[in-house]
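Before any questions on binding or motion, here is one chain by itself as structure tokens, the form predicted on its own.
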Amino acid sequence: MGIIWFHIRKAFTLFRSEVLVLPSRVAVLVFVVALLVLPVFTQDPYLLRVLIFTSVFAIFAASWDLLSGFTGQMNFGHALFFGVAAYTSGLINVHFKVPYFLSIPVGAFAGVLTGLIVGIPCLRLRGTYLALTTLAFPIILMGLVFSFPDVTGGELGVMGLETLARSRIHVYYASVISMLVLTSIMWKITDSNTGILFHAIREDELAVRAGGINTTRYKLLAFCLSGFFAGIAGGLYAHIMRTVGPSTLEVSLSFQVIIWSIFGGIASIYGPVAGVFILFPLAEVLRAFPKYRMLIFAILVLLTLIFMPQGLIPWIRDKIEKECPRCKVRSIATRKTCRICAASLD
């Protein structure tokens, strides 16, 4: 019993000294708790449906950030991973009766394989050439979808997929918990040595290579990891919709994920997640003004990008927190000295 109390007190001390000291961490905690307890207060089907798809697209946006935000490999065809996984999950579920808890991981590994197929020819490309090459892949796959309608369902797609759960509440919790777990894993990856190398490749790949690091291996790893997480999002989407169609490969979906990520703040993981949780519900609200919906949406995004070029969330974080020039640890903006090394923050 004494050991249990020791660990409880230790966890509480850690929680008080590491979470409650920074407004950004408190905001994340409030966000997570609010998502988990929301169904206790309202079970409105429309609201839950919006949040279900918001959670799925948050995984999708974070997976783009893992590749393009951290390594600088600008991917304009990220819908490819999403669509390949959605079609793989849908086809094996409908034709081979593979249950969803197996078809979604299989779809995710199809995303990994796709990451390898796309990553190898793109390794020597940079900038505009890389962006245009990645853009071509989902267009090519969409052509194949229409060429083999007996297998892919053509324009109608694949229908009759097994649902994640009979109850919308269960689907909500499945999508929200998946989002929280997967984005935490992605954040942990970017906070590891691998993430530091991803950063370094984006900043100066030549210098990293000169240091004896095999940048090709790490760029391929980024493509595969991104394909895996985007694939899980695609598989979840397919089983929530219970249908898979060419819309999962559309160019607009690839551009949408870029807008969400840049709006929230790239190279952070939490920025794209916040971008989706702001912009996707906002687009739903603006459906009440169909004539001005796209105009309002475009002006809002444009103003954000002009006045907050690093993205909305990093801009807010820099207003409420300061980074120590000595140890790089963040403290609340009202502090005059660093909470770790006591260096001056003015």
Partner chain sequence: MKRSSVFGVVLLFLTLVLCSGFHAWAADPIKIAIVGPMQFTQGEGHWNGATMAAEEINKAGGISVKGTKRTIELIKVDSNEFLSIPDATNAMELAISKHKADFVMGGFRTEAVLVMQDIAMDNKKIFLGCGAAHPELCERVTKDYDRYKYWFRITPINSKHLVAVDFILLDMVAKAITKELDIPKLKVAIVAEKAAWADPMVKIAEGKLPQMGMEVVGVWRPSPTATDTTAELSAIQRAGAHIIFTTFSSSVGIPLAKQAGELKIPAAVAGINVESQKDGFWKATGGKGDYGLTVNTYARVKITDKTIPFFDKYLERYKEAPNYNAGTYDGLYLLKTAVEKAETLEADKLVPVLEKTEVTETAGKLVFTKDHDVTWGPGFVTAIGTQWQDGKNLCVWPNGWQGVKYEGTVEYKVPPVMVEHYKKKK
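Numbering follows the first chain given and starts at 1. If you're wondering where the values come from, they're calculated on a predicted model, not measured in any experiment.
A second form of this protein, the form predicted together with the partner chain, is not displayed here; the remarks below concern that form.
Asks: If contact means any heavy atom within 4.5 Å, which of 302-310, 31-39, 65-73, 51-59 contacts the partner chain in the predicted complex?
Replies: Residues of 51-59 come within 4.5 Å of the partner.
Asks: Please identify the residue among T190, S178, T114, T243 with any heavy atom within 4.5 Å of the partner chain in the predicted complex.
Replies: Residue within 4.5 Å of the partner: T243.
Asks: Using a 4.5 angstroms cut-off on non-hydrogen atoms, would L220 count as touching the partner chain in the predicted complex?
Replies: Residue-level check for L220: no, no contact with the partner chain.
Asks: Is F146 close enough to touch the partner chain in the predicted complex, meaning at least one heavy atom pair within 4.5 Å?
Replies: The answer is yes: F146 has a heavy atom within 4.5 Å of the partner chain.
Asks: Tell me, yes or no, whether S252 is in contact with the partner chain in the predicted complex, where a contact means a heavy atom of each within 4.5 Å.
Replies: Judged by the heavy-atom cut-off of 4.5 Å, S252 is in contact with the partner chain in the predicted complex.
Asks: According to a 4.5 angstroms non-hydrogen atom cut-off, is Y237 in contact with the partner chain in the predicted complex?
Replies: Yes, Y237 is a contact residue.
Asks: Output the sequence-ordered list of residues from 25-46 with at least one heavy atom within 4.5 Å of the partner chain in the predicted complex.
Replies: Stretch hits, in order: D44, P45, Y46.
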